[in-house]
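Before any questions on binding or motion, here is one chain by itself as structure tokens, the form predicted alone.
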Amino acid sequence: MLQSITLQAPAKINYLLDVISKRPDGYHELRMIMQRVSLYDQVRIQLTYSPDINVYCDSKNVPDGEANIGWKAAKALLEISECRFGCEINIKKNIPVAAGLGGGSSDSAAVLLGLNELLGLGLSRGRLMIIGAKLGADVPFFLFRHTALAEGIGERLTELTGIPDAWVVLVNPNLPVSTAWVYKNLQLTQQKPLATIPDSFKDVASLCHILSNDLETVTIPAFPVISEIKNELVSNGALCSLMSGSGSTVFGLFNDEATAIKASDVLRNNRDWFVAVVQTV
């Protein structure tokens, strides 16, 4: 039996998402603060004697096969290895899809890490990040494995060490949002002055002062429930609340687990929403 490996692929939230300008290549110049949280997809990778790459996911909203970003990650490393093996990838989704939490990018990063180990390639984290950037803008962050200031399209990463730990309530109203649609409809005005990012924060309340997401100007008018969720989180004890990425997930930051759980119970009550209490990691 050929080797297999199972990895946990975390979700992320954005404390800050500044859209600075549109680039000549069609992408946008960004400045983000990205934070991993303890909500995980499970990615199992099994080497096979057949040279094929097969991807299976338990969510009907995620494509199998070549349309899956994990398939593209596997293809990239198998080509580098020049081996005759293929692989089977099984993804158990716990992170909502098209939700601003980076689930697909995190799964892809897990495939790169797993195959690098299974195939004995010995590729450095930096080399994997270069490969990952060609797959998706958020993939390098999940390979970086630190809270980070992300610049460019998200590929230039600087570790941030002064960010306090927090309890987080994630709320997704089961409204998938296309990131491409959001950026297409973003109206960039003249360049705004960028807020200074402190070297450290004394507590979660002070971290709240920098929370900002330019993409809310597109997503919230189309999905007003996002604003309602933000307000409800704050009214139930969150120190602050923000939409993550292009949406539609909203997060609230809390000082303690008990208050976070109590708020999650209120948000979950008689609604068909995804609600989870997690920690920053």
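The numbering used is simple: start at 1 and walk along the sequence shown. Note that the structure is a prediction, hence the values are computed from the model and not measured.
Unshown form predicted in complex with a small molecule; subsequent notes refer to it.
Asks: Which one of 114, 96, 132, 154 is close to the small molecule in the predicted complex, taking close to mean a heavy atom within 4.5 Å?
Replies: Contact with the small molecule in the predicted complex is made by 96 alone.
Asks: Considering the small molecule in the predicted complex, which of 30, 69, 242, 47 comes within 4.5 Å of it through any heavy atom?
Replies: Comparing distances to the small molecule in the predicted complex, the residue within 4.5 Å is 69.
Asks: Would you check whether the small molecule, in the predicted complex, lies within 4.5 angstroms of a non-hydrogen atom from each of 62, 103 and 179?
Replies: All three within 4.5 Å in the predicted complex.
Asks: Answer for residue 246 alone: is it within 4.5 Å of the small molecule in the predicted complex, judged on heavy atom distances?
Replies: Taking the distances in the predicted complex, the answer for residue 246 is yes, it comes within 4.5 Å of the small molecule.
Asks: Do residue 91 and the small molecule share at least one heavy atom pair within 4.5 Å in the predicted complex?
Replies: Judged by the heavy-atom cut-off of 4.5 Å, residue 91 is in contact with the small molecule in the predicted complex.
Asks: Taking the partner as it appears in the predicted complex, which of 80-88, 205-213, 104-112, 155-163 has residues with heavy atoms within 4.5 Å of the small molecule?
Replies: Among the listed stretches, the partner-contacting one is 104-112.
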